[in-house]
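This document starts with one chain, in the form predicted on its own, laid out as structure tokens.
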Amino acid sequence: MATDRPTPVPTSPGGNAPGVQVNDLEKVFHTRSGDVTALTDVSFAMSRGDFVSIIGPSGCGKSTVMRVLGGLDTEFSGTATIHGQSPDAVRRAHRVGVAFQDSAMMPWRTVRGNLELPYKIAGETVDTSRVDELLELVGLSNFAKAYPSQLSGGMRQRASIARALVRTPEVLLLDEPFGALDDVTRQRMNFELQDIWLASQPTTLMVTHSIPEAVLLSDRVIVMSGRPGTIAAVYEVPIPRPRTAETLRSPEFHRVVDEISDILFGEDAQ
């Protein structure tokens, strides 16, 4: 159920092994017209192997949280750790996989070439069996030699997620990975992502604007308020896995979606 104030105590099927720990995160952007506080007093925790989603209104700082945890933004106050280390250290060790709304596929590389890229960036020998495994997992084995321009949007997103997973990252950061897809493709990709996550269960944090998507995929949903972004509530999703098409039609699923909607859009939500 929802809590009025989240506490940075990891409680999940992942056990007590430390995953993501964020305490008193604050981010201020310095502009010519003055300082803009994007985040304030953001604290939450995930255990290793959790799948947690962040939802909130546009501009509340969801993607800023992701940039901090991805080691892409180091100018902030408060603390953030991933598996006991700084986000920058985890990024430099190539232990984090990232997928965004834009699949960011290299257009001059084939699907296989895009999946091999993380190995080349890390200066490692390509694990061809792992590439083959991921191509099979996301249903792209027959498109390994295709270029991104020859793929549909959903196929490019599958390739992007496979690329994020190819080196078996400890942490997976997903920033609106399906936001540009039509509803039918998006729902299909949700189930595919669940299957992919269940196969290796990396510690996963996803930003989304879709409450049903967050409920379908997550152990917990973090609800953020408007700027400056802070955490309004943390909602434990009580629906057992694996979640299926039948889950989407269940009264329990709709109850959870409605309760999170009330938190996000209710009278107290700013």
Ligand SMILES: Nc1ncnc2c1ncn2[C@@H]1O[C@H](COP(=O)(O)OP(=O)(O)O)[C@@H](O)[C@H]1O
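For every residue, the number given is its place in the sequence shown, counted from 1. Not measured: the values here are computed from a predicted model.
Not on display, but discussed next: the form predicted together with this ligand.
Under a 4.5 angstroms non-hydrogen atom cutoff, this ligand in the model of the complex lacks Val221 among its neighbouring residues. When contacts are judged by a 4.5 Å heavy atom cut-off, Ala38 counts as touching this ligand in the model of the complex. Using a 4.5 angstroms threshold between heavy atoms, Thr230 stays clear of this ligand in the model of the complex. Not displayed here, this ligand is kept clear of Leu217 by more than 4.5 Å at the level of heavy atoms in the model of the complex. Across the options 197 to 205, 234 to 242, 27 to 35, 41 to 49, residues that bring heavy atoms within 4.5 Å of this ligand in the model of the complex belong to 27 to 35. Residues of 33 to 60 lying near this ligand in the model of the complex, listed in sequence order, are Val36, Ala38, Pro57, Ser58, Gly59, Cys60, the criterion being any heavy atom within 4.5 Å.
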